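What follows is one chain in structure tokens, specifically the form predicted on its own.
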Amino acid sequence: MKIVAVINQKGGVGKTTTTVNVGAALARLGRKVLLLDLDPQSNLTLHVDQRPELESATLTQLLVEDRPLRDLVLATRTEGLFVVPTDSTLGGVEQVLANRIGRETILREAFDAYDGDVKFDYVLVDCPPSLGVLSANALVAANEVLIPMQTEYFSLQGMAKLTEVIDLVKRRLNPSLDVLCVLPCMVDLRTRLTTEVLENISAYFGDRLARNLIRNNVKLAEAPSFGLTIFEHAPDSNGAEDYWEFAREFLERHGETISDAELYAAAGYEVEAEAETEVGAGQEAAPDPNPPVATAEEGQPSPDGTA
């Protein structure tokens, strides 16, 4: 079970959108994925169509009352995707835990003791836009950190502070913690500022800058209001295409290879039968390593997300 903290102390950079849609893509690719909503705003909980005010078992019970993690896991409408919801009471947890010894290790201990029926391949933790006790719990429990960010000047300013905190946790509380990658979100490649910010990130993080970027897409902003992932709300959008490609990169960074055929099948694209090729007498036709995808004229979306 790989635990990935999705974190950035700056709000509105795409943390929740990334957590939900990467998790949904991984689940559609056959992995068992748990989403953990560690933000008192409960945006992730709402995004997967759960109602925090109706849930009696939330993350607050785990952090304050030591309730077992297995009791809090709920299924979502996406097969293989599960969630631990939260509600507004999580906002008071930092004060409750202020004088508690070992408060930064509660979440790690909960994962160590997990004995639920579902064995998860990946856990994605949606962290709050602050670097307090809740975020510290995520960093201490996690194996890796995924940092979504906007390609703006102030985002660069905040990255320095965030990397300091990650390094501090790594030295003192979690030696195995590492940065998986930095994922630029809401990207507009037409602007010079975007190019300059990406160059600066690349110079600092090197190959930890994600190869795939998440473009600015209104469908990604619409999906949470319907309680849907981007793959349910707008499967042919640029947003869906970008998160499919990043999910493939995510798995590649964990040593897994995803073929085009696997990705197209998970996305629901129909692949045409291989076209017959003319060959000389006595020769066998070699299979096409890159089978074509049905075009928009044939009534199917193409893999670039256009209709």
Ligand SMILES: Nc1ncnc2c1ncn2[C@@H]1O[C@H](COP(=O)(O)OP(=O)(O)OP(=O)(O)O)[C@@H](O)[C@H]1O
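Note that the coordinates shown come from a computational prediction; the quantities given were computed from them, not determined experimentally. Sequential numbering from 1, following the sequence displayed.
The form predicted in complex with the named molecule is left out here; the points below concern that form.
Of the candidate stretches 220-228, 83-91, 138-146, 192-200, only 220-228 has residues with heavy atoms within 4.5 Å of the named molecule in the predicted complex.
In summary, among the residues 215, 208, 103, 233, the only one with a non-hydrogen atom within 4.5 Å of the named molecule in the predicted complex is 215. Using a 4.5 Å cutoff between non-hydrogen atoms, residue 41 counts as a contact of the named molecule in the predicted complex. With a 4.5 Å cutoff on heavy atoms, residue 182 does not count as touching the named molecule in the predicted complex; it lies far away.
In the predicted complex, at least one heavy atom of residue 129 sits within 4.5 Å of a heavy atom of the named molecule.
For residue 169, no non-hydrogen atom is located within 4.5 Å of the named molecule in the predicted complex, even though that partner is not displayed. Applying a 4.5 Å heavy atom cutoff to the named molecule in the predicted complex picks out 10, 11, 12, 13, 14, 15, 16, 17 from 4-26, in order along the sequence.
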